[in-house]
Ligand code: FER
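Just the one chain here, laid out as structure tokens, in the form predicted alone.
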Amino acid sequence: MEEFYINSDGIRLHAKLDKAPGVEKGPLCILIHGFTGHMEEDHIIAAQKAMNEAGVAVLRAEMYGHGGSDGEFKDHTLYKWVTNAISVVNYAKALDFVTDLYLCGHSQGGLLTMLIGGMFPDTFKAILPLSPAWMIPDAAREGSLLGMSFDPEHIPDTLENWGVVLSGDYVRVAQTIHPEDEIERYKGPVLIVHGDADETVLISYAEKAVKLYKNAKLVTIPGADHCFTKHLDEMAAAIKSFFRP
């Protein structure tokens, strides 16, 4: 495992690279956590290990305001995450041992995976959104986010609930994003993994996404919550079988 920072317009992004044992040159997957998350969460580690076991190197990266990366959590926005992800993609593309590139993200990282996949439709051999929270932009436009209700045309400067504090800029940015546009742009294979007991992001969003993509598969894990808490093995198996059918 190698640990380092990736520069993203002056912001240092904490990153770790885990190569697959015995593989000198081969595929690499960028792996991104979700909202309030970080690269050491159980479901992120389970995904990383599954990919390594399938012969895929994994580049875990923490986005603005999360984990060991620069920035305050309350100031993060999806625009900042998109900029960060582009920096990570460009870093990965320059690695001399990489043959094929993949992208995987959980929750808000899953939404980011969908956005970046559409922005780089020729770069990724496949993308893997896990419990993708692609309802965030719609929720922001409707005035209901993180259990908070607000006037979407008069956004407060600060939003706070469950001990989470966000700048109103998070909402302002989210309102401008339309994931369907990037779904339309990505033509490669897509694996969506989602638990049917997810109360944070309802599985209906995954079911809708799999119909919109040109070439997508949905693996539903019965009884699994948003982070696959008691179902890490099933999530890992779905990922591993995607790379090694």
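Numbering starts at 1 and runs along the sequence shown. Since we're looking at a predicted model, the values are computed, not measured.
Just so you know, the form predicted in complex with the named molecule exists too; it's not on screen, but the next bit is about it.
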**OP:** Could you tell me which of 116 to 124, 84 to 92, 97 to 105, 131 to 139 sits within 4.5 Å of the named molecule in the predicted bound form, going by non-hydrogen atoms?
**Re:** 131 to 139
Original post:
Thinking of 34, 162 and 226 as one candidate spot, does the named molecule come within 4.5 Å of a heavy atom in every one of them in the predicted bound form?
Top reply: yes
**OP:** Identify, from the list 204, 215, 200, 176, the residue with a heavy atom within 4.5 Å of the named molecule in the predicted bound form.
**Re:** 200
Original post:
Wondering, does residue 155 line up within 4.5 Å of the named molecule in the predicted bound form on heavy atoms?
Top reply: no
**OP:** Output the sequence-ordered list of residues from 149 to 178 with at least one heavy atom within 4.5 Å of the named molecule in the predicted bound form.
**Re:** 162, 166, 170
